[in-house]
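Form predicted alone, single chain, as structure tokens, below.
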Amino acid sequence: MAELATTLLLNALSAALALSLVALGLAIIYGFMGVINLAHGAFLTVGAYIAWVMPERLGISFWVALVLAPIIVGVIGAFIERVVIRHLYDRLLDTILATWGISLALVELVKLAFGTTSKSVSNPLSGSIDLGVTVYPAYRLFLIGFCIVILVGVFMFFKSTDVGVRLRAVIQDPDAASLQGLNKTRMYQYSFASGAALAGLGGAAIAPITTVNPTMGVTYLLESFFAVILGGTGALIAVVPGSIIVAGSANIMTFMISPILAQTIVFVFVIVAMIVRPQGIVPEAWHE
């Protein structure tokens, strides 16, 4: 019984942390720019395909692909911000339609390049590790640690570094920040690129434990939005408890009921929570 409970908890933790990584990118783009980015799931898909194509077609190590995926997707994000999003600020409906169109275009490009059949990424850390209570896959343990390190690093970046402080200044008062000499346009581009990069990193990181296909980003897009809204948009760290509820609880319930029913229950709970507490479940003390 202890072995099963530990395995279920670790599975839920790895799912929640992976979602936190993706949702954090969405929260950065929305929180700092006010842009509802419906292309976020497509950025994750591109990251996952990078993790597949580099080892499979180019003979490049998965670990190199894991490093390159956020860089490549971040560059794509910066280009999209420069060409499209920059011209649509303060036009909420237009940004929604534009990012949805970008999402469809990226997915179709993936289909043209790699087909519609599902791909699988070889496990870069085969085998399991004996934890005493249970034996658990090595890569999933790596994923847990990796996500924690990235999340802590991003939070510290926005809290302690000069660039992070500048980004927070822009979102808190764009006009005052501009008067202080901060380039709002450049900060917005950095925000969109970094949010896209986190989605690409999340896609590459989960590729070995899931099926890689052109539509895989849709589920993560929906879950990311729920995690961000449930946690609250006032603090980036809110994506963690939001993701734990959205992904972690669904992962545990999947052991007892069908995955579709589990997701439905979670989504209904999130909708009720949004009605009861629209500001999110995270206390105001967490907000900066």
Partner chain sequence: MSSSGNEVLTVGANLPLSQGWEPYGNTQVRAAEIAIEEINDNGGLDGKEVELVVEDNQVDPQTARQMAERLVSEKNANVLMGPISSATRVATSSVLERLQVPSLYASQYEGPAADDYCNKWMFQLGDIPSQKIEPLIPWLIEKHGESFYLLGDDYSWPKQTNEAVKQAVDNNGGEVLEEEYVSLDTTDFTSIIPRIEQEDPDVLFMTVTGGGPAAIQNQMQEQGVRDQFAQVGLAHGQGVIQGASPEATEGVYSCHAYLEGIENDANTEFIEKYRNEHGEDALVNYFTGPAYNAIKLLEDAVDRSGGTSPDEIREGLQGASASSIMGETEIESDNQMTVGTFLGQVNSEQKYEILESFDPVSPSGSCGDI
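Positions refer to the first chain, counted from 1. Keep in mind that what you see is a predicted model, and the values were worked out from it rather than measured.
Just so you know, the form predicted together with the partner chain exists too; it's not on screen, but the next bit is about it.
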query: The partner chain contact in the predicted bound form: residue 210, any heavy atom under 4.5 Å; finding: yes
query: Residue contact check: residue 255 to the partner chain in the predicted bound form, 4.5 Å heavy atom; finding: yes
query: Residue 137 within 4.5 Å of the partner chain in the predicted bound form, heavy atoms; finding: yes
query: Residue 260, heavy atom within 4.5 angstroms of the partner chain in the predicted bound form; finding: yes
query: 29, 159 and 185 all contacting the partner chain in the predicted bound form, non-hydrogen atom within 4.5 Å; finding: no
query: Among 146-154, 71-79, 186-194, 113-121, the region lying within 4.5 Å of the partner chain in the predicted bound form by heavy atom distance; finding: 113-121
query: Any residue of 1-28 that, in the predicted bound form, places a heavy atom within 4.5 Å of the partner chain; finding: 4, 8, 11, 15
